[in-house]
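The chain below stands alone and is given as structure tokens, in the form predicted alone.
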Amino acid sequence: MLSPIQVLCSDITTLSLEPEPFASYTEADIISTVEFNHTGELLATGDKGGRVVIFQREPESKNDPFSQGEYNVYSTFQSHEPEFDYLKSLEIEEKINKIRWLPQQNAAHFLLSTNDKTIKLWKVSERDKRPEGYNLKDEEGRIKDVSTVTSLQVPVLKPMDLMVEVSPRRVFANAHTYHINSISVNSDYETYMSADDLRINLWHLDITDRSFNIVDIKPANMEDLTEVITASEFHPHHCNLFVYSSSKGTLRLCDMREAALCDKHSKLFEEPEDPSARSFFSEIISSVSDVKFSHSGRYLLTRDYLTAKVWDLNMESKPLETYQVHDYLRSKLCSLYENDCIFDKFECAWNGSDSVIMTGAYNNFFRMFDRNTKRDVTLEASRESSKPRAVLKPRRVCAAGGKRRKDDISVDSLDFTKKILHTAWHPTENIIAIAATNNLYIFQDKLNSEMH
């Protein structure tokens, strides 16, 4: 995967997310989550304005072999609206925190989307025929006077322009006191879980009025609170297993067969702290912002502020692999604390074969690490470097005081307002989606694209 990367699609003017290069954008336009479906044919993004945009991959064309793989807008809909909790006098943002696709069972697609408090199940379906020739309705749909009906006809289905319909099927509300940070669909495809800062709930997809609390770390006295839940995910193959991460840098693997309330974990993954490296920022930068099971289910990928780590489920004492994402920021932690960047939550992703991992950084950079060759690359998602079909050039950041080569970027000139927090990898192909503020970039491995 770490061969040159080719740009597939970087212009999303049809979304009005950035109509003109360098045009201003609003807070509502910032992309807050990105997710491929199980086949990779659909890609969904959610933004801070509560909207969900679904992209569909174009089928391969004999006339234009390069068009295969391009993603175009399939449907756009408003998932969540801003609300107000009158009991607590709190505004509830419409921002989409997470999107998760359900595996396709029929012609329709289903996805879950959540803001801070409410999860919704959406049905996405196509209609390309319409019924005509009703006996008791006219063409406008109005009921006819029965006395005017002199003969009976058989209604027929006539072709029409393709229409994508999105409809809400379930609303799962009022189960979380704190902000929902993650949702995960179980491998039984019947249940899913939602996690907030202190609790994890288990839901059945058909039941909206009740859920089961499976993890509760809230202390009797909130003054005794020492950590919060930051992310959670079900095992991809075993429906009884799930993992959740904490702000203390720990991972807990839980087995729902052991007890209804999984307060006691089956395994605790924690890296011993080096006392000599301890500082004021140690606990903040060790907080896990994302956790992902590998497709095989054997490994866990986690991201904290400065590193990405791969854990083996059979080894709790330390990570199997540790990758430095932007170690050159270690000397900048004080200023990053002052501008709140140190609290940014970066996500991480596996490729389809679990051999490469990807995560974001600042200055619209994203990083890839090959687990087999131990090679890594830094790439940039920006309009200037991402013209269609262009090959991305590897970038290099020069640490403060280090030797600077041509085209190196000084750590002092990094733009911390441009950050890539959300990334997604196609489940089987080397196609990646990168959310950079209000722009979505889709890249493909050059070798892979030349095969078409």
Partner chain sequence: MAGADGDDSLYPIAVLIDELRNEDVQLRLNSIKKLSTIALALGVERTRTELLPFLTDTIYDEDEVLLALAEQLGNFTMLVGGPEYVHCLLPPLESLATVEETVVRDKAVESLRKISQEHSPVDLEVHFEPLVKRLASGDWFTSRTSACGLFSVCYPRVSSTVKAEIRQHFRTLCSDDTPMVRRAAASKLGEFAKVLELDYVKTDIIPLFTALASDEQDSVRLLAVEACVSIATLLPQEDLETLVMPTLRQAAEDKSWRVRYMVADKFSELQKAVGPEITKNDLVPAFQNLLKDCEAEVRAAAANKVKEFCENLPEDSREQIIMTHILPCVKELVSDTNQHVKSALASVIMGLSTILGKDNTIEHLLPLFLTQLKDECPEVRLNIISNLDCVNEVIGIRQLSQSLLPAIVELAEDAKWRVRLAIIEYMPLLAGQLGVEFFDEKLNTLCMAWLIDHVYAIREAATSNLTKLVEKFGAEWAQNTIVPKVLGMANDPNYLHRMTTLFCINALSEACGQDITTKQMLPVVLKMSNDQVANVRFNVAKSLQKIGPVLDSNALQTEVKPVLEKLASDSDMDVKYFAQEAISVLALA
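Positions refer to the first chain, counted from 1. These figures come from a predicted structure and were not determined experimentally. If you superpose the two forms and keep the largest set of C-alpha atoms that fall within 1.5 Å, you have the rigid core.
There is another form of this protein, the form predicted in complex with its partner chain, and it is not shown here; the text below is about that form.
- For the marked spot (P131, C239 and A260), a heavy atom within 4.5 Å of its partner chain in the model of the complex is present in each of the three residues.
- The listed set E316, D370, E190, E91 contains one residue whose heavy atoms approach its partner chain in the model of the complex to within 4.5 Å, identified as E190.
- Taking a 4.5 Å heavy atom cutoff to its partner chain in the model of the complex, the contact residue among D197, D376, D255, E271 is D255.
- The closest non-hydrogen atom of R169 lies within 4.5 Å of its partner chain in the model of the complex.
- Its partner chain in the model of the complex is not approached by H179, whose heavy atoms all lie more than 4.5 angstroms from it.
- When its partner chain is considered in the model of the complex, Q153 lines it closely, a heavy atom lying within 4.5 Å.
- F110 belongs to the set of residues with a heavy atom inside 4.5 Å of its partner chain in the model of the complex.
- The candidate stretches are 81 to 89, 291 to 299, 274 to 282, 101 to 109, and the one lying within 4.5 Å of its partner chain in the model of the complex by heavy atoms is 101 to 109.
- Taking its partner chain as positioned in the model of the complex, the residues of 116 to 148 that bring a heavy atom within 4.5 Å of it are, in sequence order, K123, E126, R127, D128, K129, P131, E132, G133, Y134, N135, L136, K137, E139, V146, S147.
- Once the rigid core is overlaid between this form and the one not shown, N135 counts among the residues whose Cα shifts by 2 Å or more.
- Positional change of V154 between this form and the one not shown reaches 2 Å or more at the C-alpha, relative to the superposed core.
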